[in-house]
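Listed next as structure tokens is one chain, alone, in the form predicted on its own.
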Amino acid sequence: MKIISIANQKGGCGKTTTAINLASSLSLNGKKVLLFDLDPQAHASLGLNIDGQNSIYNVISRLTQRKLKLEEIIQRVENNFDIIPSNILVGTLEQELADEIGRELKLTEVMSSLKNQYDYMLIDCPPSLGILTVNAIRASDALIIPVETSRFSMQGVDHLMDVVHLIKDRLNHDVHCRILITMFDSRLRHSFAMLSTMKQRFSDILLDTIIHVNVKLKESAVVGKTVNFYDKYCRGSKDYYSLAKELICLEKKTAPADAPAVEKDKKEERKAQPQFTNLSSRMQELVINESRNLFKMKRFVLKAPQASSVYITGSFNDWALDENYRLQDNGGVWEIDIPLKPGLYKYQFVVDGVWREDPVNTQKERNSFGDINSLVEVEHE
């Protein structure tokens, strides 16, 4: 199970929008997700039309007259997507826990009962650096910091990173921090200038996915739905689906628990390979050549001199953002050779987090998101 806090003490950066729609997109990728609304403003609960009468306050507080267990306040949002609601009383936990011993571990303690029931737990933190945010970061494996392209947001990142370092030093707990660019307006030069600055300052922790300005994200919150169910064809829906894919790929790379599964895959791969034990050397050579002929190397090229990273994703890799499909920069011309079996494949390039069709490929089709997939056909010899 992966626990991710979504935090930024600066308001208006898309924090709650990210929490809601990332949870929905992870669930659409087959993951079971629980969203903790830890913000006393309860925007995540309100944005999903969830009743917050019983909240995390009733679980953590010792003063409440209606003490509840965490399992009793979980509400279903969508298939594989549940939420722990919030209300204004959650804000009083800051004062209630102020003088309590072990106050930084309260959320960790109550979450332990659900440890094996979900693939992901997301925490929508309050827009402050108080005890609730410290609790959330202490309980998490990773931290996503939504940042709009402005100078004030960059300053907010520095303050939040100070808290992360303090938690590491004082509580001996380290979290993996990632910065997510949100509310990106591609019509403004200022947006690209700030994006370039952020890439220089935070290159090691900057996510490739970029969340663009999209009115459907605001409209979906007004009607109490996630953007995937409000308008699955809009830009916002595709951006958050891409973010979910990127996080799943990052987890596969870093999670030690994946090692047995990888080893199992390798064993299955070895079983599937041709066995040459009782074959003559000539016969071995023929079988090897036949095996090689199953695949054909296909080169993909994109001219993007201003790009800092380019991936290719498509039906040949289940639309995953994988380092194995990252293109190599050759003076502004990005290239990659991919072994493909004969067949028809759909694909797109992902340039600095932005999905693009292949501009030189005339074979295209419109996909379910309303944009264009490029097509490539690998023929038999």
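None of these values were measured; they are calculated from a predicted model. Quick note: we count residues from 1 along the sequence shown, nothing fancier.
There is another form of this protein, the form predicted in complex with a small molecule, and it is not shown here; the text below is about that form.
| Among T64, N54, Q41, N317, which has any heavy atom within 4.5 Å of the small molecule in the predicted bound form? | Going through each option in turn, the one that passes is Q41.
Among the candidates L160, L206, A136, I211, the residue which, in the predicted bound form, approaches the small molecule to within 4.5 Å (heavy atoms)
Of the listed residues, the single hit is I211.
Per-stretch contact check against the small molecule in the predicted bound form, the hit in 198-206, 214-222, 67-75, 92-100 (non-hydrogen atom, 4.5 angstroms):
Answer to the contact question: 214-222.
G11 versus the small molecule, in the predicted bound form: is there a non-hydrogen atom within 4.5 Å? G11: contacts the small molecule in the predicted bound form.
Whether G130 contacts the small molecule in the predicted bound form should be assessed with a 4.5 Å heavy atom distance threshold; does it? G130: no contact with the small molecule in the predicted bound form.
* To do: Would you please decide whether N373 lies within 4.5 angstroms of the small molecule in the predicted bound form, comparing each non-hydrogen atom pair?
  => No, N373 sits far enough from the small molecule in the predicted bound form that none of its heavy atoms falls within 4.5 Å.
Might T16 be said to contact the small molecule in the predicted bound form, defining contact as any heavy atom within 4.5 Å? Residue-level check for T16: yes, a contact with the small molecule.
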